[in-house]
Every structure is written in structure tokens, then in C-alpha cells.
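This document opens with one chain alone, in C-alpha cells, the form predicted alone.
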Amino acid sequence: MNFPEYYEFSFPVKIISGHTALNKLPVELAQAGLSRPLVITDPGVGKAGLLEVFLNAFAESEITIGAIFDQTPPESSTLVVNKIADLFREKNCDSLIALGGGSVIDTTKGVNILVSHDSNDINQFRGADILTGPLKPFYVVPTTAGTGSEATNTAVIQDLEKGVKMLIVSELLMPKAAVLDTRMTLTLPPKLTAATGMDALTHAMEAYISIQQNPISDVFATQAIMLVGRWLRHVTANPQDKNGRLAMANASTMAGTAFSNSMVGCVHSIGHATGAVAHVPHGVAMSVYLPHGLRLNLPKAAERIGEMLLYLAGPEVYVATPPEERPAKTIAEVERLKQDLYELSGLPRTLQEAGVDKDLFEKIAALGINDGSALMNPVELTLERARQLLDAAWQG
């Protein structure tokens, strides 16, 4: 192992995890002197009955929900962020709670930027470490187990006019607390369970092979890989298993913590572009691209790819596999997991199954190589390599 000469690691988020963890959230707000949060969620959360569960946790508290915005779209955008920021100001809210998946959490981060900086233009904060603080108090209750957004210093928000996804990076985007409550993910259908789980696995694996990895991020990444390898198939097949749901929620947060400190790579850069151009859900894109991204990085990261076999497949498989064969075996195990999830839930295995038109490949490749996620990829993501990755992902 090459120990880095210098690295930084930060994780200021309090984790509240358990089968009824949500009941602690009103206490957290009260202790922080807050009384009027804005709750941001989406229509699916309401339809699943999760908003009712959330509100019941506040029923006997002295916290007043200042407003609820429940129309967050699947892809966060500049338009919706501005709309919610106006609602925050109108209702005199003092804090924000994100109740939902990655889009809801990213949207809430965007709203927090605008209301904290008294701005209506989030474009001016695009990039890394441009924000100044402090921001408004912000809490997250994830309803999926994959994005890891509750533990990251990033927000991805789509600029609909330009047709691109903006990446904003800042330690100030971290929530004060993340509440991992089993009840929030029990209603996830198998296909979404599988997709978000593969998103978490991609976060962890790309964080582990990133050129910015460090010993502490490795701990979070490898434990996330182990939990996904042990539980994702089981939870996809058995959605009501509370212990499995809690394990995947923790895996998501661990993977988010890992990549928030070491960053991701080519799978995310091409995945972001695929989402922006072809509107493929992020978790689906991650699942489709992951083995091909690992294969692309073999020339520079074979040893570390091989090390991940221990966590993904377990010690028996790892020991039985000769060291020189472990990198390929790791990729084969990812492919096997994809196949199992396809059989269990119908999760697409290829770009063709995801409905991506090959005529879009040039646009996706050109956009992907300019995505910030590619900066920490072990192998440089050139236009030619991006095209090769897309061709491989089409065929499977």
C-alpha cells in the first residue's frame, strides 16, 4: 500500500441510525434552538405514506413545520431550487429538512445556498469551495439507500437552459445530522432498491481506487462494499427485511463519506452525462457502467481493484483466487451481481436495455470527459476511452 504523503479527511455529520431513529429529530432541532423548518420532499414520499410517518414524529414536539414543498422532480434543477427558496423566505423558516432521495437532498442543498447567501442565481456558486458560510441548519432523512448525499459535500443540480448538470462542492453543504430510519426505505420497490444499492457500491469502489484515496476513506469504502455484497441481493428479494434495510442505509452513508473525501471517477462522469443527455436514472447508469469503468482503470489500479474482492465476495473467494486473477475476479463479481439484480428486479444491465440511443454517444462522451468527477480517475478519461466505455456498456 502506498501511504499518501498528505491527505485531509472531514466528516462533521452526526449519524442517527435505527429502526425508529426519526423520533430523535425533533429533539435535535430543539437543542439547536430551531423551531420552524422547511421540509422538502417529493410526490413519491407522500404516496408511500412516509410524509405521514415523518410528521407523526413531530406531533408531540414544540417544533412547527414552517412549510412543506412536496413536488421535487426526479432531477433537481435551477428552476425548482429558486421556487423553494422563495417559499423559505415567505414562510420565515429557520432551517431545512430533506425528506427523500438524492434529488431531494441535492435540491435542499441548493435551496440552502440561495437562502443563506440571499441569492437567486445558483450558477455563481458552481465549482469547488466557492461558498462562504455559515449556511442555514440542514438535516437529512434519506428515503433511499444509495446516493449517500446525506454524507457528502457535493450537490448536483441541472441547468435546464444549458442542458448540463452543475457540480457544487463545499464542506459547508454537509448537513448537521442524517437520520437513517428503517421505516423510510421499507417501501422501496425491488428495482429502485437494486439501482440505489449499485449507486452506493459505485461510490465505494470509485472512492477506493481514486487517486485521492486515503487510509480513512478506505475504511468507509471497504465496509460499504462489504455491506452491499452481503445484503443487496437479499434486500432486493426481501424488501421488508428491516435489518437488511438498515444495513443498506448505513452502506450508503459510509460510501458517501468515502467519496466525499476521496472523490469518484469515470463511472460517475459518464453517468452524469448519460443522465443529462439521455435521462437515464443515476443508479441505473452507475450499475450499467461500473464493471466497464473498473476495466478501464485496470492499467493503473489493478492491485486495488483486486483488493476489493475480499470485501465484495468474502474471504473464501478472495483466498481461493490467485493474486494475479483477483482484479478480473472482482469485475466478474460485479457482473454477477448485476445479473442477479436483473433477474430479481429487472434492473437494466446494458445501455440498450436502459433505452439509450447510440446516436447520443458522441454527445454523452463529449460531456462526460469534461465532468469534474473524471479528475480523480486513475486513468485519464479521453474522448476515445469514453467512446470505448459507451460501446462496451451498450453490448454488456
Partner chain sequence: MINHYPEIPPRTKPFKRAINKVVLFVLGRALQSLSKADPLIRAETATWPEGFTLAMLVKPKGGSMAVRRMPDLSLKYLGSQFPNDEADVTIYINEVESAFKMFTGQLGSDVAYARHSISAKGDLSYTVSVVRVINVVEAYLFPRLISRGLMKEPPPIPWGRRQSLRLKTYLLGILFGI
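As the structure is a prediction and not an experimental result, all values here were calculated from the model. Definition used throughout: the rigid core is the maximal C-alpha set that superposes within 1.5 Å between two forms. Numbering follows the first chain given and starts at 1.
The following text describes the form predicted in complex with the partner chain, which does not appear among the structures shown.
Partner contact region in the predicted complex: 161 to 169, out of 161 to 169, 194 to 202, 318 to 326, 140 to 148, criterion any non-hydrogen atom within 4.5 Å of the partner chain. When contacts are judged by a 4.5 Å heavy atom cut-off, Arg230 does not count as touching the partner chain in the predicted complex. Though the partner is left out of this view, Asn82 does not reach within 4.5 Å of the partner chain in the predicted complex, counting heavy atoms only.
Although the partner is absent here, Asp42 is not a contact residue: none of its heavy atoms lies within 4.5 angstroms of the partner chain in the predicted complex. In the predicted complex, at least one heavy atom of Lys300 sits within 4.5 Å of the partner chain. Residue-level contacts in the predicted complex: of Pro74, Gly127, Pro190, Gly314, one residue has a heavy atom within 4.5 Å of the partner chain, and it is Gly127. Proximity to the partner chain in the predicted complex, taken as a non-hydrogen atom within 4.5 angstroms, holds for one residue of Ala247, Leu114, Met263, Val277, which is Met263. Taking the partner chain as it sits in the predicted complex, the stretch 349 to 378 comes within 4.5 angstroms of it through a non-hydrogen atom at Ile369, Asn370, Asp371, Gly372, Ala374, Leu375, Met376, Asn377, Pro378. Superposition of the core reveals a Cα shift of 2 Å or more for Leu167 between the shown form and the other one.
When the rigid core is held fixed, the Cα atom of Arg126 travels 2 angstroms or more between the shown form and the other one.
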